[in-house]
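Quick heads-up: it's one chain on its own, the form predicted alone, in C-alpha coordinates.
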(Lines give C-alpha, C1' and ligand atoms only; values in the text may rest on other atoms or scores of the structure.)
Protein backbone atom coordinates (compact mmCIF):
# COMPACT_ATOMS: atom_id res chain seq x y z
CA UNK A 1 0.00 0.00 0.00
CA UNK A 2 1.51 3.33 -1.03
CA UNK A 3 1.77 6.36 1.22
CA UNK A 4 -1.34 8.37 0.24
CA UNK A 5 -3.57 5.28 0.29
CA UNK A 6 -2.42 4.25 3.74
CA UNK A 7 -3.02 7.79 5.00
CA UNK A 8 -6.54 7.74 3.54
CA UNK A 9 -7.26 4.44 5.32
CA UNK A 10 -5.97 5.88 8.59
CA UNK A 11 -8.25 8.89 8.19
CA UNK A 12 -11.22 6.61 7.54
CA UNK A 13 -10.59 4.33 10.51
CA UNK A 14 -12.24 6.59 13.15
CA UNK A 15 -15.37 6.99 11.01
CA UNK A 16 -15.52 3.23 10.33
CA UNK A 17 -15.00 2.43 14.01
CA UNK A 18 -17.67 4.95 15.06
CA UNK A 19 -20.14 3.61 12.49
CA UNK A 20 -19.48 0.06 13.65
CA UNK A 21 -20.00 0.87 17.33
CA UNK A 22 -22.92 3.28 16.93
CA UNK A 23 -24.84 1.65 14.06
CA UNK A 24 -23.76 -1.86 13.09
CA UNK A 25 -23.38 -3.40 16.54
CA UNK A 26 -26.76 -2.10 17.85
CA UNK A 27 -28.48 -3.25 14.65
CA UNK A 28 -26.78 -6.65 14.93
CA UNK A 29 -27.87 -6.96 18.56
CA UNK A 30 -31.39 -5.91 17.57
CA UNK A 31 -31.61 -8.71 15.00
CA UNK A 32 -30.19 -11.23 17.50
CA UNK A 33 -32.60 -10.15 20.25
CA UNK A 34 -35.57 -10.40 17.88
CA UNK A 35 -35.03 -14.17 17.73
CA UNK A 36 -35.00 -14.50 21.51
CA UNK A 37 -37.96 -14.79 23.85
CA UNK A 38 -38.42 -13.56 27.37
CA UNK A 39 -38.07 -16.14 30.12
CA UNK A 40 -41.23 -17.23 31.93
CA UNK A 41 -41.80 -14.80 34.80
CA UNK A 42 -38.53 -13.04 34.10
CA UNK A 43 -37.30 -9.96 32.28
CA UNK A 44 -34.23 -11.86 31.09
CA UNK A 45 -34.05 -13.50 27.69
CA UNK A 46 -34.39 -17.26 27.64
CA UNK A 47 -31.80 -19.54 26.09
CA UNK A 48 -32.05 -20.53 22.44
CA UNK A 49 -33.35 -18.84 19.34
CA UNK A 50 -36.95 -18.80 18.16
CA UNK A 51 -39.25 -17.23 15.58
CA UNK A 52 -42.03 -16.99 18.16
CA UNK A 53 -41.95 -13.19 18.16
CA UNK A 54 -42.41 -13.04 14.38
CA UNK A 55 -45.25 -15.58 14.58
CA UNK A 56 -46.86 -13.51 17.34
CA UNK A 57 -46.61 -10.42 15.15
CA UNK A 58 -48.42 -12.17 12.31
CA UNK A 59 -51.03 -14.04 14.31
CA UNK A 60 -51.92 -11.40 16.93
CA UNK A 61 -54.61 -9.21 15.41
CA UNK A 62 -53.62 -6.17 17.53
CA UNK A 63 -50.06 -6.04 16.20
CA UNK A 64 -51.08 -7.01 12.66
CA UNK A 65 -53.60 -4.16 12.69
CA UNK A 66 -50.93 -1.76 13.98
CA UNK A 67 -48.65 -2.80 11.11
CA UNK A 68 -51.38 -2.32 8.50
CA UNK A 69 -52.43 1.00 10.10
CA UNK A 70 -48.83 2.25 9.99
CA UNK A 71 -48.49 1.31 6.33
CA UNK A 72 -51.64 3.08 5.18
CA UNK A 73 -51.09 6.11 7.42
CA UNK A 74 -47.64 6.47 5.87
CA UNK A 75 -49.03 5.98 2.35
CA UNK A 76 -51.84 8.53 2.80
CA UNK A 77 -49.42 11.04 4.36
CA UNK A 78 -47.04 10.55 1.44
CA UNK A 79 -49.81 11.13 -1.09
CA UNK A 80 -51.05 14.27 0.68
CA UNK A 81 -47.51 15.61 1.01
CA UNK A 82 -47.04 15.09 -2.74
CA UNK A 83 -50.31 16.84 -3.64
CA UNK A 84 -49.52 19.80 -1.35
CA UNK A 85 -45.78 19.84 -1.86
CA UNK A 86 -45.67 19.79 -5.66
CA UNK A 87 -47.19 23.26 -6.23
CA UNK A 88 -45.28 24.64 -3.25
CA UNK A 89 -42.01 23.30 -4.65
CA UNK A 90 -42.89 24.68 -8.08
CA UNK A 91 -43.54 28.09 -6.53
CA UNK A 92 -40.20 28.02 -4.72
CA UNK A 93 -38.30 26.73 -7.77
CA UNK A 94 -39.66 29.45 -10.05
CA UNK A 95 -39.58 32.19 -7.42
CA UNK A 96 -36.83 34.63 -6.68
CA UNK A 97 -35.69 37.10 -4.09
CA UNK A 98 -36.96 37.27 -0.54
CA UNK A 99 -40.18 35.37 -1.22
CA UNK A 100 -38.19 32.31 -2.30
CA UNK A 101 -35.93 32.55 0.74
CA UNK A 102 -38.91 32.98 3.05
CA UNK A 103 -40.70 29.93 1.66
CA UNK A 104 -37.55 27.83 1.96
CA UNK A 105 -37.09 28.99 5.54
CA UNK A 106 -40.70 28.07 6.36
CA UNK A 107 -40.08 24.61 4.91
CA UNK A 108 -37.02 24.16 7.10
CA UNK A 109 -38.72 25.17 10.36
CA UNK A 110 -40.35 21.75 11.07
CA UNK A 111 -37.03 20.03 10.39
CA UNK A 112 -34.95 22.15 12.76
CA UNK A 113 -37.63 22.18 15.50
CA UNK A 114 -37.79 18.42 15.83
CA UNK A 115 -41.04 16.47 16.07
CA UNK A 116 -42.17 17.46 19.55
CA UNK A 117 -42.63 21.23 19.21
CA UNK A 118 -44.74 21.12 16.01
CA UNK A 119 -46.84 18.31 17.51
CA UNK A 120 -47.52 20.34 20.64
CA UNK A 121 -48.46 23.27 18.42
CA UNK A 122 -50.87 21.06 16.53
CA UNK A 123 -52.63 20.27 19.83
CA UNK A 124 -53.53 23.93 20.16
CA UNK A 125 -54.74 23.99 16.57
CA UNK A 126 -56.76 20.77 16.60
CA UNK A 127 -58.05 20.68 20.18
CA UNK A 128 -61.71 21.13 21.11
CA UNK A 129 -60.97 24.75 22.04
CA UNK A 130 -58.31 25.13 19.36
CA UNK A 131 -57.98 27.41 16.38
CA UNK A 132 -59.65 25.07 13.86
CA UNK A 133 -62.77 24.42 15.91
CA UNK A 134 -62.93 28.05 17.01
CA UNK A 135 -62.77 29.32 13.43
CA UNK A 136 -65.39 26.87 12.18
CA UNK A 137 -67.73 27.82 15.05
CA UNK A 138 -67.17 31.52 14.40
CA UNK A 139 -68.10 31.02 10.76
CA UNK A 140 -71.19 29.10 11.79
CA UNK A 141 -70.13 25.96 9.94
CA UNK A 142 -70.36 23.70 13.01
CA UNK A 143 -72.42 23.77 16.16
CA UNK A 144 -70.12 21.74 18.41
CA UNK A 145 -66.45 20.89 18.43
CA UNK A 146 -65.13 18.35 15.96
CA UNK A 147 -62.97 15.69 17.56
CA UNK A 148 -59.61 15.80 15.78
CA UNK A 149 -57.17 14.75 18.50
CA UNK A 150 -57.01 11.03 19.17
CA UNK A 151 -58.23 10.23 15.66
CA UNK A 152 -56.50 8.96 12.54
CA UNK A 153 -57.38 12.22 10.78
CA UNK A 154 -55.53 14.23 13.41
CA UNK A 155 -52.50 11.95 13.18
CA UNK A 156 -52.45 12.27 9.39
CA UNK A 157 -52.63 16.07 9.64
CA UNK A 158 -49.72 16.06 12.06
CA UNK A 159 -47.65 13.73 9.88
CA UNK A 160 -48.27 15.86 6.79
CA UNK A 161 -47.28 18.99 8.69
CA UNK A 162 -44.15 17.32 10.08
CA UNK A 163 -42.95 15.59 6.91
CA UNK A 164 -43.98 18.04 4.18
CA UNK A 165 -40.43 19.51 3.98
CA UNK A 166 -39.08 16.04 3.19
CA UNK A 167 -41.23 16.08 0.05
CA UNK A 168 -40.76 19.73 -0.90
CA UNK A 169 -36.98 19.98 -0.67
CA UNK A 170 -36.15 17.15 -3.16
CA UNK A 171 -38.85 18.51 -5.48
CA UNK A 172 -37.36 22.00 -5.34
CA UNK A 173 -33.96 20.56 -6.20
CA UNK A 174 -35.38 18.70 -9.21
CA UNK A 175 -37.73 21.42 -10.46
CA UNK A 176 -35.01 24.07 -10.22
CA UNK A 177 -32.98 22.14 -12.79
CA UNK A 178 -35.75 21.91 -15.38
CA UNK A 179 -35.06 24.10 -18.40
CA UNK A 180 -37.76 26.74 -18.75
CA UNK A 181 -37.65 26.61 -22.56
CA UNK A 182 -39.06 23.04 -22.51
CA UNK A 183 -42.30 24.26 -20.97
CA UNK A 184 -42.37 27.26 -23.28
CA UNK A 185 -41.86 24.97 -26.28
CA UNK A 186 -44.73 22.70 -25.18
CA UNK A 187 -47.00 25.70 -24.67
CA UNK A 188 -46.06 27.15 -28.06
CA UNK A 189 -47.14 23.86 -29.67
CA UNK A 190 -50.61 24.26 -28.20
CA UNK A 191 -50.35 22.24 -25.02
CA UNK A 192 -52.64 23.43 -22.26
CA UNK A 193 -51.15 24.16 -18.80
CA UNK A 194 -52.59 20.88 -17.48
CA UNK A 195 -51.10 18.99 -20.41
CA UNK A 196 -47.72 20.68 -19.82
CA UNK A 197 -47.83 19.54 -16.20
CA UNK A 198 -48.88 15.99 -17.10
CA UNK A 199 -46.63 15.40 -20.10
CA UNK A 200 -43.62 17.59 -19.35
CA UNK A 201 -43.18 18.68 -15.74
CA UNK A 202 -44.27 15.53 -13.90
CA UNK A 203 -42.14 13.09 -15.96
CA UNK A 204 -39.08 15.30 -15.62
CA UNK A 205 -39.73 15.79 -11.90
CA UNK A 206 -40.08 12.05 -11.29
CA UNK A 207 -36.64 11.68 -9.56
CA UNK A 208 -37.66 14.31 -7.02
CA UNK A 209 -41.09 12.76 -6.57
CA UNK A 210 -39.57 9.34 -5.90
CA UNK A 211 -36.98 10.74 -3.49
CA UNK A 212 -39.58 12.76 -1.61
CA UNK A 213 -42.04 9.88 -1.48
CA UNK A 214 -39.41 7.53 -0.06
CA UNK A 215 -38.34 10.05 2.58
CA UNK A 216 -41.91 10.82 3.70
CA UNK A 217 -43.01 7.17 3.70
CA UNK A 218 -40.00 6.05 5.72
CA UNK A 219 -40.40 8.95 8.15
CA UNK A 220 -44.08 8.13 8.55
CA UNK A 221 -43.37 4.44 9.07
CA UNK A 222 -40.87 5.16 11.86
CA UNK A 223 -42.75 8.11 13.39
CA UNK A 224 -43.32 7.96 17.13
CA UNK A 225 -43.77 11.44 18.60
CA UNK A 226 -46.47 12.67 16.22
CA UNK A 227 -48.73 9.56 16.47
CA UNK A 228 -48.17 9.39 20.22
CA UNK A 229 -48.94 13.08 20.90
CA UNK A 230 -51.73 13.66 18.39
CA UNK A 231 -53.13 10.13 18.66
CA UNK A 232 -53.21 10.54 22.46
CA UNK A 233 -52.54 6.84 22.95
CA UNK A 234 -55.63 5.82 20.94
CA UNK A 235 -53.97 5.29 17.55
CA UNK A 236 -51.55 2.38 17.73
CA UNK A 237 -48.79 2.55 15.15
CA UNK A 238 -45.62 0.50 14.91
CA UNK A 239 -43.59 3.23 16.59
CA UNK A 240 -45.94 3.61 19.55
CA UNK A 241 -46.35 -0.16 19.93
CA UNK A 242 -42.58 -0.70 19.91
CA UNK A 243 -42.22 1.98 22.59
CA UNK A 244 -44.91 0.34 24.72
CA UNK A 245 -43.28 -3.07 24.45
CA UNK A 246 -39.79 -1.73 25.25
CA UNK A 247 -40.55 0.88 27.93
CA UNK A 248 -43.82 -0.25 29.53
CA UNK A 249 -44.21 -4.00 29.01
CA UNK A 250 -40.39 -4.47 29.14
CA UNK A 251 -40.59 -7.19 26.50
CA UNK A 252 -37.36 -6.21 24.77
CA UNK A 253 -37.14 -9.25 22.44
CA UNK A 254 -40.57 -8.51 20.97
CA UNK A 255 -39.77 -4.79 20.77
CA UNK A 256 -36.62 -5.78 18.87
CA UNK A 257 -38.77 -7.82 16.48
CA UNK A 258 -40.94 -4.78 15.79
CA UNK A 259 -37.83 -2.68 15.16
CA UNK A 260 -36.39 -5.27 12.78
CA UNK A 261 -39.65 -5.35 10.81
CA UNK A 262 -39.44 -1.55 10.49
CA UNK A 263 -35.85 -1.82 9.23
CA UNK A 264 -36.86 -4.48 6.70
CA UNK A 265 -39.79 -2.34 5.51
CA UNK A 266 -37.48 0.64 5.01
CA UNK A 267 -34.98 -1.55 3.15
CA UNK A 268 -37.73 -2.90 0.86
CA UNK A 269 -38.96 0.65 0.22
CA UNK A 270 -35.46 1.75 -0.80
CA UNK A 271 -35.02 -1.28 -3.07
CA UNK A 272 -38.39 -0.71 -4.77
CA UNK A 273 -37.66 3.00 -5.25
CA UNK A 274 -34.27 2.18 -6.78
CA UNK A 275 -35.89 -0.33 -9.14
CA UNK A 276 -38.56 2.21 -10.10
CA UNK A 277 -35.93 4.89 -10.72
CA UNK A 278 -33.93 2.48 -12.89
CA UNK A 279 -37.05 1.56 -14.86
CA UNK A 280 -37.99 5.19 -15.50
CA UNK A 281 -34.45 5.99 -16.65
CA UNK A 282 -34.52 3.03 -19.02
CA UNK A 283 -37.86 4.09 -20.48
CA UNK A 284 -36.60 7.64 -20.87
CA UNK A 285 -33.51 6.40 -22.69
CA UNK A 286 -35.64 4.31 -25.08
CA UNK A 287 -38.07 7.17 -25.74
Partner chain sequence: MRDTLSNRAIAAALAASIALPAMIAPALAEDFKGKTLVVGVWGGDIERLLRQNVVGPLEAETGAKVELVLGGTGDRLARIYAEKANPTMDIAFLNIYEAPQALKDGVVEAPDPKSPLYTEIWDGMNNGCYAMSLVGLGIAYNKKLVSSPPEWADMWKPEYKGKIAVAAYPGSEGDGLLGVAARLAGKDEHDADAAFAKVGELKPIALTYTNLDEAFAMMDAGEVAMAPMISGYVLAALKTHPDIGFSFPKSPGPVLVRDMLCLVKNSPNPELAKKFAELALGVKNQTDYAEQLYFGPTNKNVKLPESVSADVIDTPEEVKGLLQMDWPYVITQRSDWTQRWNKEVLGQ
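Positions refer to the first chain, counted from 1. For the two forms, the rigid core is made up of the largest set of C-alpha atoms that agree within 1.5 Å on superposition. All values reported here derive from a predicted model rather than from experimental measurement.
Omitted here: the form predicted in complex with its partner chain. The next part is about that form.
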query: Single option in 105, 184, 112, 129 placed near its partner chain in the predicted bound form, where near means a heavy atom within 4.5 Å; finding: 129
query: In the predicted bound form, the residue from 177, 198, 137, 100 that sits within 4.5 Å of its partner chain by heavy atoms; finding: 137
query: is_contact(residue 51, its partner chain) in the predicted bound form, heavy atom dist at most 4.5 Å; finding: no
query: Contact flag, residue 68 vs its partner chain in the predicted bound form, heavy atom cut 4.5 Å; finding: no
query: Distance check, residue 58 to its partner chain in the predicted bound form, heavy atom within 4.5 Å; finding: no
query: Residue 151, heavy atom within 4.5 angstroms of its partner chain in the predicted bound form; finding: no
query: Per-stretch contact check against its partner chain in the predicted bound form, the hit in 129-137, 206-214, 152-160, 76-84 (non-hydrogen atom, 4.5 angstroms); finding: 129-137
query: Residues in 196-235 close to its partner chain in the predicted bound form, defined by a heavy atom within 4.5 Å, in order; finding: 232, 233, 234, 235
query: Post core alignment: residue 128 C-alpha displaced by 2 Å or more between this form and the one not shown; finding: yes
